[in-house]
Structure formats: C-alpha cells, structure tokens
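First comes one chain, alone, set out as structure tokens in the form predicted on its own.
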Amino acid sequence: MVDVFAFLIEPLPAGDAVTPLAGTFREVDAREPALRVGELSTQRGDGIFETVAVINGYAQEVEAHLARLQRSAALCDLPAPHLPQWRAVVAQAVAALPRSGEFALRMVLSRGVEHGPAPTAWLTVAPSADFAGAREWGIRVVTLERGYAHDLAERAPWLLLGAKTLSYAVNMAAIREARRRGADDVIFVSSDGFVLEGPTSTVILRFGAQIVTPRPSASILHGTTQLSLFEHLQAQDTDSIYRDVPVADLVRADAAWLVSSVRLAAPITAIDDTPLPTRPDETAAFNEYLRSPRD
C-alpha cells in the first residue's frame, strides 16, 4: 500500500529561463505541516490544480493537464507554471510508484502567502478512489442548477468559470445534495436550460450514431479525458460533435456517461429518477482506451 506523499516545488529566480532543475523541488513528509499559516490556497481557495491519473506506472495526459494548468494560471493572473520543472517532479513522483495500480497525482499552484514574494506550488500522490463499481454498474445522477446562464463566462470573465480553481465548495455541496436525493453524482444545468458539466466530470451523450458533449465555452471546464476520448473516436470515424445540449435532451439520450481523469467513464443509469439505457460494451471499450498509456 502506498501512502500519500508530496513534493514542494521551489520558486525559480524571476526571469531565469535556464535555471537548472536540480534542487527546484523537494520531497516532504505528507504527514507533517508544509504550508504557511498565511497561505491563500487555504484561506481563500486562491489557486489552481490539476489531477492526473497514474495507471500501472504511466501518468496519463500529462501535457494536456499542464496546458490546462497554464490556461487556468493566465485566467487567474497567476505566474505562468514553469513546465520543465513540473515535468521533472511528475516524473520523479511516478518513478516512486508501483508499476501496477491506480493513483491520483495532484498538481497545485497557489498565489502563496498574502503579500509574499512568490507563489506556492506542490504535488501530492495517493491511491485513487475505487471507481470499479461505477464503471461497471453505473451511477444515478440528478440535475442541479448552477446558478448562471450558459454564456455568462463570456460576459463576466472575472468569475473564472473556465479555470480549474481550488474553490470547490459548491461542487462538493452539490455532490452531497445528490446523495441526499439518493443519487451518486450531479449534472449541472444553466439557468437558461442547457447542460453544463458534472462537479468533477464532463458529460458525454449518445444520440443514435452520434456522440455529443456540450459545446466548449468559458462556462465549461475543458475536460482532458473527454478531449482524448473524442480524438480516439474521431480516429475511428465515429461521429462525435460539440453542441449546446438542452436539458430536455438528457432523458432522450440512448446512453450517457460522466468522464474524468481518475474515474474514467462511468455510465449513467438514471437522470432525476428517469432510467436511461446503458451500453456495457461501449463503456468497456471507452475504459479500455482510457486505461491505455496516453501522452
């Protein structure tokens, strides 16, 4: 059994593009305090993160996650992540893991201490939650209103709707509400009646021969798993498209899934107590691809 372990990433000198990577991160005891009292990630949720699945010794979609970390940093006015530094610490963390099993590797970049000289960055690795049952037997979901129109982000970029921030209190509250209603997870919907995403996942739907996901916008976090799966499907000449999805279309789907880096693809068996068809062979094919090594 692998316990949680962590690396703190040291700030690089400003403007130094060729700083050697040696000594720019260090392993710390995950059981001991490592963050300062004034850390804005804990006081205000002022930071961003990415979670990478490590499956059988291989970190999945690292470059896609680093690209999204960069986008989130730009949206939040954080310093741009030094990508060679992050790649090096990811490689060291993965090298310390067993060659079998599933793990969650989380990269965090915070604004640091208020009025401090530099951001704070760290990486943790832990065994992933057990999603085997969800992948095989499926999940029940409820729709919950997210509280804004599906095009709000374009009109109010300061809301950071397209950034993967540490401010996940609403997302976790939504999952707790789903469980109070006897469901496993949530599909957020907009106030003007469109499907958005799950609190920690992307929605994928099948309508006949077509695979659909809600049209990318600044109100929906671009899913690395969904993007990879669509590239795979398109390479197989499967009709897979992006479009606005009215809420009423959810229960008309021929199949639906929530997908994310660690969960992979979990089929949806019911939406708001309305049963939904499942396609076990297709789910198995999705997960076979998503468990394979992918750069």
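What you see is a predicted model, and the numbers here were worked out from it, not measured in a lab. The first residue of the sequence shown is number 1, and the count goes up from there.
Another form, the form predicted together with pyridoxal-5'-phosphate, is not on view; read the next lines as being about it.
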So in the model of the complex, does any heavy atom of residue 171 sit within 4.5 Å of pyridoxal-5'-phosphate? yes
Close approach of residue 213 to pyridoxal-5'-phosphate in the model of the complex, 4.5 Å, heavy atom: no
In the model of the complex, residue 110 touching pyridoxal-5'-phosphate (heavy atom, 4.5 Å): no
So in the model of the complex, does any heavy atom of residue 164 sit within 4.5 Å of pyridoxal-5'-phosphate? yes
Only hit among 69, 229, 259, 62 for heavy atom within 4.5 Å of pyridoxal-5'-phosphate in the model of the complex is 259
Which among 36 to 44, 245 to 253, 259 to 267, 232 to 240 is in contact with pyridoxal-5'-phosphate in the model of the complex, heavy atoms within 4.5 angstroms? 259 to 267
Using the arrangement in the model of the complex, list in sequence order the residues of 191 to 215 with any heavy atom within 4.5 angstroms of pyridoxal-5'-phosphate. 197, 198, 199, 200, 201, 202
